[in-house]
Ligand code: BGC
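Just one chain follows, in the form predicted alone, and it is written as C-alpha cells.
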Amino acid sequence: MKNKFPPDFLFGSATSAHQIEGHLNNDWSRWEKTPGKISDGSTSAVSADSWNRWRDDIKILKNSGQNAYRFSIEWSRIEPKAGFFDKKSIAHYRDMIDELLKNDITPMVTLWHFTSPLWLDDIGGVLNRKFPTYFSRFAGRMAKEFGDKIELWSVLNEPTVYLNAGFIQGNWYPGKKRQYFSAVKAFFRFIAAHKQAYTSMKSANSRIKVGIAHNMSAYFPVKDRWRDRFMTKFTKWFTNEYFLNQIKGELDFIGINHYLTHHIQCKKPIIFDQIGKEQDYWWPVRPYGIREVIKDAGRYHLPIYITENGLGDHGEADKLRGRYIEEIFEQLRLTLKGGADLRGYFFWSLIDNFEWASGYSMKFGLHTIDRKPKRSAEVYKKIIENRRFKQSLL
C-alpha cells in the first residue's frame, strides 16, 4: 500500500484555450499574424479545433483513465467587449464542464493563460492601470457562473514567464525587448490582479479553491561552496519565491508548472549546465528537479498540485516522453513518501498544439493534434490503471 497513490489523487492533463481551441480573436491571435513572429510561420487560427472537438478531448481523457482536466476559459470569448458577457460562450463552457463531470473528470480552470481581449489590448493590455479591475470583474463573473460546478481555479498561468518572454526576451507578445521598466510595472499589475480576483471570486462563491499555476524551476549549486550556494538561493528567491510571497495570503493552493532544472554558480555564466539528454527547446531532461520545487512549495503549508509538467519530443517514435513520465512518477513517489501534501498531477499536454512563438514545431502532447495516442499515452495510462508506481521503478 505504501507505493500506491492516495485514493483522491488527481491524474490529469493540461491545455490552454489559445493553444487548442482555434477560431479566436485576442491579442495573441492578432500579433501572430505579423510575419516573423512565429518560428514556423503558422498561426493558431484552427489549431486542434477544440472549440468544436471538445467532446473528442473528453473522450481521450476518459479512455486513458484520467480523472482530472486543467483547461482555460478564454477571456476574449466571454467578454469580447468591455462589460459585455457573451451568453453563448458561457453556455458553451458550461456544456463542456457538465460533460466532464458526467464522466467523473474533475475540472481545474485557468482564467488567464497569456491572452487578453482586443479591447484591453487596445488600451495597453496588462500595463493598463485598470487591468486588475477588469480582470477581477471577469474572474468574479466566472466564479458566479461556474463556482457550483468547479472547485479548483488556477487564476493566472505563469505570469513571470510571460513577463520574461514578452518584455525582456521579446520573442512573445507583446514583443518588447529589454523593456525592464514595463516588465516591473506589469509584474505588480499581476500581483494586484491576482489579489483582486481572489477577493471577487470568493465573494461570488466562498466554497471554491483559488490558486495559481506558477512556473518553478529547480536550482542546485554547481559546487558546495558558499558563493554558489548564495547565488542559488538568490536565484530561487528571485524567480520562484518573490511572486508567491506577495500573494500567499490570497492562495488556497499552490499550482506548480515545472520544466527546468539548472545548476548555478557565482560567476559567468551563472547557469552552468552540462546538458545530457535533450528534449525540444534544447532543455535538459532532469526529472529529479520536481522533488526540489515541491519541497520548496511545502514551506507555504498549502495543498500542492503539479499544474504542468512535460517534455517536448517531436520525434515520431516518442522515445523520451514515456521514460520521462516513469521517472517523474518515481520522484512523486519519493515526494509523497516524504509527507508532501501533493494532491494531483497534470501532464502538459493532452494533445499537440500551438506552442506560442514556436508554432507547431514543438510536440508536448500525449496525443497527436488529430487525437491519436502516442506511446507515452500508454505509459501514463498504465500508471493510472495500477494506481501505483511501476514495480520496475521501486
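Everything numeric in this text was worked out from a predicted model, so none of it was measured. From 1 onward, residues are counted along the sequence shown.
Beyond the structure shown, there is the form predicted together with the ligand, which is absent from this document and is the topic of what follows.
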item	value
Partner-facing stretch of 123-131, 254-262, 288-296, 77-85, counted where any non-hydrogen atom is within 4.5 angstroms of the ligand in the predicted bound form	254-262
The ligand in the predicted bound form reached by all of 50, 71 and 352, non-hydrogen atom within 4.5 Å	no
Heavy atom of residue 113 within 4.5 Å of the ligand in the predicted bound form	yes
4.5 angstroms heavy atom contact with the ligand in the predicted bound form for residue 228	no
Residue 158: touches the ligand in the predicted bound form, heavy atom cutoff 4.5 angstroms	yes
Interface membership of residue 356, the ligand in the predicted bound form, 4.5 Å heavy atom rule	yes
Residue among 54, 329, 360, 364 with a heavy atom within 4.5 Å of the ligand in the predicted bound form	364
Among the candidates 272, 234, 119, 283, the residue which, in the predicted bound form, approaches the ligand to within 4.5 Å (heavy atoms)	283
Residues in 285-305 close to the ligand in the predicted bound form, defined by a heavy atom within 4.5 Å, in order	none
